[in-house]
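One chain follows as structure tokens, the form predicted on its own.
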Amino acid sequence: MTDLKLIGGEDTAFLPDARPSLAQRLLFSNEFGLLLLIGLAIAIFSVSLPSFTSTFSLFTMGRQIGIDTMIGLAMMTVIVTGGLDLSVGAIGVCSAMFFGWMLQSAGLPVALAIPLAIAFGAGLGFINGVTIVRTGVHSFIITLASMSIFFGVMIFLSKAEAFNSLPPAVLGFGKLRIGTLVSSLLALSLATSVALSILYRFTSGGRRMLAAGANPRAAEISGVRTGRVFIACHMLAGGLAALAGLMVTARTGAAVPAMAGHLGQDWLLPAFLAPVLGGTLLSGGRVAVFGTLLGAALVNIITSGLLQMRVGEFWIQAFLGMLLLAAVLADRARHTLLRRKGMI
């Protein structure tokens, strides 16, 4: 029966309990807030830096936004289970180096090397997932260890040498523009975001991932094989991390062991910032694909603007660290609010 409430003064009436409209939900959504911040940042930097909105600057930012979005999506697919994957950067670098070896040393065509590299990343994610499920140890510890293991083995096998004689098509894709502004790398991330949105919203597999992350015990009772779901999430994260590594390779035209920093640690900050800013709950069970894209865009716009203003990189890193801390605290407050309303 429809809930009713009493409204009015002397002439009272019973009307159905009001529910927020679509416009109200959009207005108070996390994505709308990010859009406002992005617009404000662009306005400020455009006034301060005339070259900020130049064609070259926007194209360059678009390429980096595409890469950071893919990194954030890789982390997001594990956060949705309530876990973490600190090995995202290491998996991305290892997959990119395997890609470079297949092209330069094994002589495989690009069309074959790409799916094999993504499958390789998914395989490393499978190792993470199986280890976590079988041992029961938190994903933070397992992926912290695998980060060092994957990276160390890669350095040993490759002798820390870059693969820089790749086919021209690789660098050509990284430089490709759709129209005059949109990078092919950004377009690839947009397509991946759409695919993930369809996965979580319209498929039974995506709903199982959300259910397993929200309440593993209840999901298990309902017939969801949570162990398999967690493994699948880590495999998906590994595949997306590999795709991010290939995108960096396409941007630079070479597969370099240091493309994500030592042990892949340079990817950790964007990996957490994008999904957390976007609204993905660290406790699991709630995902924000479009928000992750907007989070990556906001971080890159701010970073690019500050670099053009000649702000020291140390201060930029400190600011991004504070931004991550603020996002985590906001995530905590959002989780508490949702729990009070009985939504989780």
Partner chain sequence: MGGHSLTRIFDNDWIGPALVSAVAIAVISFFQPSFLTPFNIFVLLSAISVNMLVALGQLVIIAVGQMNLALGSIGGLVAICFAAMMELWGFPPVLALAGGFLIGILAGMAGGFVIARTGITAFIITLAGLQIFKGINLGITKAQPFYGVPQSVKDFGNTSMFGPIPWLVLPMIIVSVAVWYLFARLRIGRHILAIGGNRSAAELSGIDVNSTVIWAHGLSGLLAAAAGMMLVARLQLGHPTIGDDWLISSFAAPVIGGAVLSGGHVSVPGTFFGVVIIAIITQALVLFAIDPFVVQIVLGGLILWAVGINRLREARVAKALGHST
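Not measured: the values here are computed from a predicted model. Positions refer to the first chain, counted from 1.
Absent from the display: the form predicted in complex with its partner chain. The rest refers to it.
For the candidate spot formed by I142, H262 and L324, every residue has a non-hydrogen atom within 4.5 angstroms of its partner chain in the predicted complex. Residues within 4.5 angstroms of its partner chain in the predicted complex, judged by any non-hydrogen atom, belong to 153 to 161 and to none of the other stretches in 108 to 116, 153 to 161, 247 to 255, 89 to 97.
Using a 4.5 Å cutoff between non-hydrogen atoms, I65 does not count as a contact of its partner chain in the predicted complex. A residue is said to contact a partner when one of its heavy atoms sits within 4.5 Å of a partner heavy atom; F230 fails this definition for its partner chain in the predicted complex, lying far away. Interface membership of Q317, defined by any non-hydrogen atom within 4.5 Å of its partner chain in the predicted complex, is confirmed. Taking the partner from the other structure, its partner chain in the predicted complex has a heavy atom within 4.5 Å of a heavy atom of L282. The contact residue chosen from L269, L171, V182, V194 relative to its partner chain in the predicted complex is L269, the criterion being a non-hydrogen atom within 4.5 angstroms.
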